[in-house]
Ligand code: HEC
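A single chain, nothing else alongside it, follows as structure tokens in the form predicted on its own.
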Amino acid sequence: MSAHDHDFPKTTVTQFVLALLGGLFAPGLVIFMIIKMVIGIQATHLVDADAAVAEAKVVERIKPVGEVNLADASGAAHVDKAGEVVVKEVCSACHAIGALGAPKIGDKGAWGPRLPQGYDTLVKHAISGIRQMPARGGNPELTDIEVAGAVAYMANQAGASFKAPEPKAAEAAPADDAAKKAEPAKQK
């Protein structure tokens, strides 16, 4: 048997054209749908003509959902602590034992090279931090006056004679202020 002996059905020209058109129709339809989709997506991404409007939209999209405000639960105004109290509560953690090279409280040998730098320099270092010492001794809630008082206290324990600033007292309560404002109104 030769290869020509098989009886394959004869394909007519009409069948060939229909098969060709059918074979091209499916991929053509897919390409058409992809192009429509891309054009539709691009139509939704219009560029804002005004930069301020675009900036406002960006700010609106990235703004935080919520905000946390921590407040003193007692509602009382802050009262500065005396230097000795700050040293006992915060500074003594390192300065009582000399941790990480911190000069020990009362150690004249350790404080000797530091005292000639002056009170203002020592306070500046305590507020902003120096070497292994964190800013404000690691307590960000300490005021500058509290830190300055603590520096004066520790330095004076080692023989300095620095004058610590006076801690600020709590401000009058808002209710007292309202009462004071109401008194002049009653006098009229």
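Residue positions are given as counts along the sequence shown, with the first one as 1. Note that this is a predicted model, so its numbers are computed, not measured.
Just so you know, the form predicted in complex with the ligand exists too; it's not on screen, but the next bit is about it.
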Practice prompt. Examine Ala82 and determine whether its closest non-hydrogen atom to the ligand in the model of the complex is within 4.5 angstroms.
Written response: no
Practice prompt. Indicate whether the ligand has at least one heavy atom within 4.5 Å of a heavy atom of Arg114 in the model of the complex.
Written response: yes
Worksheet entry | Contact flag, Ile105 vs the ligand in the model of the complex, heavy atom cut 4.5 Å | no
Worksheet item: Does the 4.5 Å heavy atom contact test between Ala56 and the ligand in the model of the complex come out positive?
Response: no
Item to complete: Note that the ligand is not shown here; using its position in the model of the complex, name the residues of 133-156 with a heavy atom within 4.5 Å of it, in sequence order.
Response: Met133, Pro134, Arg136, Gly137, Leu142, Val147, Ala150, Val151, Met154
